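Quick setup: one chain, the form predicted alone, written in structure tokens, and binding and motion questions come after.
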């Protein structure tokens, strides 16, 4: 299935009068404050959020999985689904592949597929947290950190293979997330596990092309519950610094202990020029993989406020933006639409912050004044601005409403059937 510009425009025609009234009212209000509305729209149009191939099917928990039908069973079908999302929001122009779930059998066919729907490839992601069929050694007790050299070599070679696949497709980054750790005290040497990981990453780093980034992700717990080798941003940052200029820290919003100040982590990493990008999601308790902005929208805004400042005040390189979530209850495509909307809305709100006034308030310790400046931006309803940015780019004024009105899920079920299951899940 492929959505056409005419289909999107037909949906916009039903909503254009109401949208125009809302947008014109907001634009007038913003311009009275001296805000350049056209500049805001341009920046929103530029921000693109990659869609992970594994998020296009129904997710699940260890207790169950409830597929809604019409899931993409092949890589080409996943690409088609991202194309549908991008047609709707004009904000998701890349897909991020997970290897070995998404190894192309025909590279030219895959390239033709992305070209047809107007998207490209973001970071490729390696998988050493699962054993694959006919695998020579098991990752049960770790991969890059394993005490056995043969297991570490297998994991290193897998990452090198992922890089080769990414090069063929035009990707420019490798993301490494490790499940390596221990569930019991004394299970392994904490120091040696970190040393082994560093040595393994050094071998992978050598294979990373000069114009690529190596993104090192972290997580405090799960699947191990006593220790995780790369458990926090500090350990990721330590490894990235030791590896070299191509290595960066990847921040996953769900990979923190409750109430962690993620915006402070972002500020620190940008100051050091080592923030590589984001895996966006939301959480209440841990790595919940909830829809972005569904639980902590103010935190998301504060993160973007630090990002906007960092773009102006640091030399941190451009970032990789990607959603990383699981959808057990919602239609996964609707969830992804909502997540992209939440990300761009938080970005728009952050762009609205009067940075000069905020800095002046900070200098004289005007705590209440600083809070008012931030919350004035956060509480401004910028949804009409986001809708206008999508409309001007050729997207839908209301992507969720268009998705439903155009009966996208019903069409996918007709094409693929109710029993189609996304590969890799």
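Residue numbers count along the first chain shown, from 1. The model shown is predicted, which means the values in this text are computed figures rather than measured ones.
Although it is not shown, the form predicted together with another copy of the chain is what the next lines describe.
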According to a 4.5 angstroms non-hydrogen atom cut-off, is residue 416 in contact with another copy of the chain in the predicted complex?
-> no
Looking in the predicted complex, any heavy atom of residue 318 within 4.5 Å of another copy of the chain?
-> no
With a 4.5 Å heavy atom cut-off, would you call residue 244 a contact of another copy of the chain in the predicted complex?
-> no
Does residue 35 reach another copy of the chain in the predicted complex if we count a contact as any heavy atom within 4.5 Å?
-> no
Would you mind picking out the stretch of 167 to 175, 82 to 90, 207 to 215, 306 to 314 that comes within 4.5 angstroms of another copy of the chain in the predicted complex, counting non-hydrogen atoms?
-> 306 to 314
Site test, 28, 359 and 367 vs another copy of the chain in the predicted complex, non-hydrogen atom cutoff 4.5 Å = yes
Position in contact with another copy of the chain when the complex is considered in the predicted complex, options 106, 157, 222, 112, heavy atoms within 4.5 Å | 222
Single option in 354, 153, 203, 263 placed near another copy of the chain in the predicted complex, where near means a heavy atom within 4.5 Å | 263
Heavy atom within 4.5 Å of another copy of the chain in the predicted complex: which residues of 279 to 310 qualify?
-> 284, 285, 287, 288, 289, 290, 291, 293, 294, 295, 297, 298, 302, 306, 309
